[in-house]
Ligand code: UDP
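Next up is one chain by itself, shown in C-alpha cells, the form predicted alone.
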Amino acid sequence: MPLPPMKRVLLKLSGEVLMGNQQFGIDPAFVAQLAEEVKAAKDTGLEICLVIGGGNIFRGMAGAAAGMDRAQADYMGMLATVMNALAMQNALEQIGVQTRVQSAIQMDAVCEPVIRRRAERHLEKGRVVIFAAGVGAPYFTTDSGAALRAAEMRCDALLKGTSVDGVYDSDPKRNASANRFDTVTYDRVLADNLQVMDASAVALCRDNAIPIVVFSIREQGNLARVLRGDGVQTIVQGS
C-alpha cells in the first residue's frame, strides 16, 4: 500500500539495530550503511528527523528490573541515546549530510538543546535533525520521544525501522504461523497490545493523525523501497 505524499518524516531506529551483528555497542560499518540509507531518502527531497533508542548500550527498564532505581536507570538510558545520536551524526557527516543533534538533556559542549523552531529551521536548510535523550524525563520510552517529536515537527509520518518487517498478530520469532498486517488501526494496536510502540506513543500518533510505518531497516535499501510504496511494511493509521 503506497503512503500518501510526504514532505517531512521522523525515522525511529531501535538502538539494537546499531549493533549490526555484534552482541553489544555500536558497529561503525552498519551505522555507515544506515547513514547511506538516510542520505538516499533525503536526496529524494524529504526533510528527515531521527530518533535512536539506546538499548544497544543501556536500557532503563532492564536496569530497573535488575534492581536499579527506575529514574536513575532511565537517565542512563537517555545518555546512551546521545551516544548513538553522535555516532549517527558522524556517519552522516562523513558522507556529506549536514546534521544537527538536539538533546532533551542540556549538554551544550556536545549538542544543541531541543528547540522546536531551531529544529524546523535546520530541516528547511536541508539538514537532518537527530533528537536525543527521549523526552528528557524518566518513565518515558524513546518511542514516546519519537511520537512527541513527530507531533512537534508536524511530520507526515513516523517510520519505525526495526528488526522485523511489520506488525504481526503474535511474535513471529516465536510463532511461525504469525500473520503480518498490511494495515492496522491505532485502536486495534492498543486493544490487542500488538507491541508496535508503547501505548502512549501510539495514542499520541492517533490523536495527531500521524501514520506509523513499521518495516525492517536491516534489509539494505528497504527504507527507499518503503518510501516508494514497494517495500514490505505495516501502516498503522485511523479507521
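These numbers come from a predicted model, not from an experiment. Heads up: residue numbers just count along the shown sequence, starting at 1.
Omitted from view is the form predicted together with the named molecule, to which the following refers.
- Looking at 73 to 81, 88 to 96, 164 to 172, 116 to 124, the stretch with residues near the named molecule in the predicted bound form, meaning non-hydrogen atoms within 4.5 angstroms, turns out to be 73 to 81.
- This chain is drawn without the named molecule; in the predicted bound form, the residue among 147, 133, 130, 159 with a heavy atom within 4.5 Å of it is 133.
- When contacts are judged by a 4.5 Å heavy atom cut-off, residue 219 does not count as touching the named molecule in the predicted bound form.
- By the criterion of a heavy atom within 4.5 Å, residue 151 is excluded from the residues contacting the named molecule in the predicted bound form.
- Among residues of the shown chain, residue 211 is not one whose heavy atoms approach the named molecule to within 4.5 Å in the predicted bound form.
- At the 4.5 Å threshold, heavy atoms of residue 181 stay clear of the named molecule in the predicted bound form, well away from it.
- Residues are counted as partner-facing when one of their heavy atoms sits within 4.5 Å of the named molecule in the predicted bound form; in 16 to 31 only 16 qualifies.
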